[in-house]
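Here we start with a single chain on its own, the form predicted alone, put down as structure tokens.
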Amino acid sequence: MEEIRMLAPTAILGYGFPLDSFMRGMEEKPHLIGVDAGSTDPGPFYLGKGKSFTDSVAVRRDLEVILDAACKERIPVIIGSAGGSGANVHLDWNEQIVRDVAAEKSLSFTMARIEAEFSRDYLHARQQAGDITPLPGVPPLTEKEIREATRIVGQMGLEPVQEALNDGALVVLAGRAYDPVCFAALPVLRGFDPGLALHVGKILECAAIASTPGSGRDCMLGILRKDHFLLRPLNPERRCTPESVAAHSLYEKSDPFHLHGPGGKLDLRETQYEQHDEQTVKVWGSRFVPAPYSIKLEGARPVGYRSICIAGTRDPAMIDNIEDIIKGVESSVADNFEETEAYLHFHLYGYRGVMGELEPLQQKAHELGIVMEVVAPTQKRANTILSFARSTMLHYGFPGRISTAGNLAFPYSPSDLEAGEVFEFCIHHLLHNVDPREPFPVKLEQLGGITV
């Protein structure tokens, strides 16, 4: 093959895309449709709780369009990090939607399911063998973290998806996966350069975000050739530029020139970007540097229950004294509740609300948005402490106060909102000395009868 054409409909399965853009992509006769379905960006709750951060109706709409087109043209569809976090419960959720769409539309295809969840016993053994090391800023893994994590996944590389494709799968539903996998697996299987394949895959997994104006809800076409690749948005209102593509190549990397993944790293030090035509950018020079194979592990554990209250003030005297008021409220809470497990925090929007103590600009706005947050071992306890903190701040005395009826304005009634369970990432480590395929079982199933 001289080139492989790859269609990226959307940045996350369920984010949606214009049908016109998708049909333009299909007119290019792509060799595969890839879509990343997950991320750790929404935080640890979705992995810990086993829920998707995208809506089932939205995911179904996307899949109705994608699967119908792919089955008509017999184009492989590769979905990475299915269900958002890629654990077995997320795979189950996403798989059921695929089954429902296939049944409703009378579609026929071979589906591969690739699991990415790790058992505690397996990881205990690997931890005791010294095969698990922490990523930067993370302490060494202990049995406590493994035991407390509700779910643990590993980011699969290209090899399990390539196995599924070799076995005849038309639809590959993969658990937690390295972001570029859903685009890079097939080209590397067909002998294309892995550096270029991984680079184009890393950009395509966010679809049209790398264009200008960028959007995660629009389609992008990638054309991979032997010594370069091309990127073109499929909406005439967008265009790729060297700046937009190079900027997106910095995305999600602490090092602007290297992206580590299973089996090596992507080296962008010699990468070049050139305007190919009005909408298209040409990229070359990206290299893959092999390294001993390792897999990133992710795990989340429960830490309590959260209650929040949203309020605001534009009283100049209260704003001037806000630090002392918060200290006074915290002191009152500590006097009335002896437990040390509860967490009380005040987010001040208009003054350090986003960056906290790292905020370099210390001036306060003329009005402040105040989010009071309590995390405690039970929802009832979180509600109780938040109620006390909110009522204390509402009537707290401070220099210059004129009204005694209340210091805060509440946009909602009730003012106190239960936010439910809270999770934190407790595993962010690398698993070494591992076979690329062994931890990720591939299960094939024929849906809808005999394929042709």
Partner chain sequence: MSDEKKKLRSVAGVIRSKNAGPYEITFDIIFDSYPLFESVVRGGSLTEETVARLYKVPREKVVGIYHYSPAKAVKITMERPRPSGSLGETDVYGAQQHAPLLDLEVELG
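Just so we're clear, the structure is a prediction, and the values are computed from it rather than from any experiment. Numbering follows the first chain given and starts at 1. Definition used throughout: the rigid core is the maximal C-alpha set that superposes within 1.5 Å between two forms.
Note that the form predicted in complex with the partner chain isn't included here; everything after this is about it.
Student: Would S249 show up as a contact with the partner chain in the model of the complex if we use heavy atoms at 4.5 Å?
Tutor: Contact check for S249: yes, within 4.5 Å of the partner chain in the model of the complex.
Student: F337 near the partner chain in the model of the complex, any heavy atom under 4.5 Å?
Tutor: Because no heavy atom of F337 falls inside 4.5 Å of the partner chain in the model of the complex, the answer is no.
Student: With the cut-off set at 4.5 Å between non-hydrogen atoms, does D41 touch the partner chain in the model of the complex?
Tutor: Judged by the heavy-atom cut-off of 4.5 Å, D41 is in contact with the partner chain in the model of the complex.
Student: For I66, is any heavy atom within 4.5 Å of the partner chain in the model of the complex, or not?
Tutor: Residue-level check for I66: no, no contact with the partner chain.
Student: Based on heavy atom distances of at most 4.5 Å to the partner chain in the model of the complex, which listed stretch, 347-355, 157-165, 189-197, 87-95, is the contact stretch?
Tutor: Going through the listed ranges, the match is 347-355.
Student: Considering non-hydrogen atoms and a 4.5 Å limit, which listed residue (S106, Q363, Q128, S254) is close to the partner chain in the model of the complex?
Tutor: Comparing distances to the partner chain in the model of the complex, the residue within 4.5 Å is S254.
Student: Given that the partner chain is left out here, which of E143, E243, E323, E237 has a heavy atom within 4.5 Å of it in the model of the complex?
Tutor: For this set of options, the contacting one is E243.
Student: If you look in the model of the complex, which residues in 134-156 sit within 4.5 Å of the partner chain (heavy atoms)?
Tutor: The stretch touches the partner through P136, G137, V138.
Student: If I superpose the two forms on their rigid core, does the C-alpha of Q363 end up displaced by 2 Å or more between the shown form and the other one?
Tutor: Shift of 2 Å or more: yes.
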